[in-house]
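Below, in structure tokens: the form predicted on its own, a single chain.
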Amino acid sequence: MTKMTEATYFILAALLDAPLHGYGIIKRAGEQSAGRVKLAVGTLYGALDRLTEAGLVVLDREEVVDGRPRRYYRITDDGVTAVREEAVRLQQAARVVTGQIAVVGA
């Protein structure tokens, strides 16, 4: 995976601390992005399917809560590498702009 979308970035970032279920991922991604990322359920599960196929996340476990299945997802080592590489890419891109701003004096 080369450049990733902001939603994908925050889905992976949400899973760095511990496995989460869908609503937990939606909530955590929203918190970590300061509200910029608002994942719809369908968008989240489509992204999780793609991330699973890419080997970046795996299904950690399933449990039934109030008669409904709850799936917990876990980031893989490849997922950690991918989100780390994207964070570095974003830092480098930001440094270009912040460096120019410092030179211009704005």
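The first residue of the shown sequence is 1; numbering continues from there. Computed from a predicted model, the values in this text were never measured in an experiment.
FYI, the form predicted together with the DNA isn't displayed, but the following is about it.
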Touches the DNA in the predicted complex: His21 (any heavy atom, 4.5 Å) | yes
Though only this chain appears here, would Gln32 touch the DNA in the predicted complex if you measure heavy atom gaps against 4.5 Å?
-> no
Taking 4.5 angstroms as the cut-off for heavy atoms, does Thr76 touch the DNA in the predicted complex?
-> no
Taking the shortest heavy atom distance, is Thr43 within 4.5 Å of the DNA in the predicted complex?
-> yes
